[in-house]
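Only one chain is included here, represented as structure tokens and corresponding to the form predicted alone.
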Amino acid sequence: MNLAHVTFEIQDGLALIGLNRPAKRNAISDGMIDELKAALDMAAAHAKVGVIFGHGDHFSAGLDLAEHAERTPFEGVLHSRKWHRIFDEIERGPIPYVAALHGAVVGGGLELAASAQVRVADESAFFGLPEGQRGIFVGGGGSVRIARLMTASRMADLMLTGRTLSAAKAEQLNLIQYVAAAGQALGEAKALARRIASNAPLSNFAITQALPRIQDMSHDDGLFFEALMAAFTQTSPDAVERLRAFLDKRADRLAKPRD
């Protein structure tokens, strides 16, 4: 498949998906979102873990406003719902995703990053939601995903004031989990993705599928669903072998700590 706005590569069982409109700061256009969907489908078929990153100086400066300005309200709703479906394939799809972030992680770019399970940003990254200054509202799932990561009040602050956050501050506010040295986000993301790929596939699937849904449930429903998932995973042949290896001291008991 020929891709003009996204790059796709399989490397050591990892799907490397690169946003590739560097001259536009990787603004997310209709063409890019369609190609992202195609890349996600290929990743699900051929990889254990996906890594999403941006080519050039920025991860993504967000929605391509030139296209957005021409839409009717009805077209805008359909466009937003399309983003929701595609980003849901990252958050709740068959394989986990790690986002490697640098430069601008703004607006729709932050919404995309928030759909990944793990986010690594290098020291050049900055985060913002300038929708208030643009006269618009988030439309790629940010009001759900980003608000749950950093709280709705903190998200409102970003949208109302237009302030940006450094990578260090974003980590403090739970937008990201790791901060890397400048230029090292993609390398760190690949290392984390390789570690995730070594997990039991069924466990990874249960984590990506069940964990976000449990957050939407009541206390009792969540605990019951957790019990079902625990029983479902622990009786698989892969889990039985891994548990035996652990008990027989054939597997590492603890991962090395990392900051």
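Since this is a predicted model, take the numbers as computed values, not measurements. Note that residue numbering follows the sequence shown and begins at 1.
The discussion below concerns the form predicted together with a small molecule, not included here.
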Q) Honest question, do Leu65, Val106 and Phe137 all end up within 4.5 Å of the small molecule in the model of the complex by heavy atom distance? A) yes
(Q) So the small molecule isn't shown here. In the model of the complex, which residue out of Ala47, Leu192, Ala210, Ala61 has a non-hydrogen atom within 4.5 Å of it? (A) Ala61
Q. Can Tyr178 be called a contact residue for the small molecule in the model of the complex at 4.5 Å between heavy atoms?
A. no
**Q.** Contact of Lys24 with the small molecule in the model of the complex (heavy atom, 4.5 Å)
**A.** yes
(Q) Taking the small molecule as it sits in the model of the complex, is Asp122 near enough to touch it, meaning that at least one heavy atom pair lies within 4.5 angstroms? (A) no
Q) Hey, in the model of the complex, is Arg145 touching the small molecule, heavy atoms inside 4.5 Å? A) no
**Q.** Interface segment, criterion being heavy atoms within 4.5 Å of the small molecule in the model of the complex, picked from 165 to 173, 182 to 190, 150 to 158, 78 to 86
**A.** 78 to 86
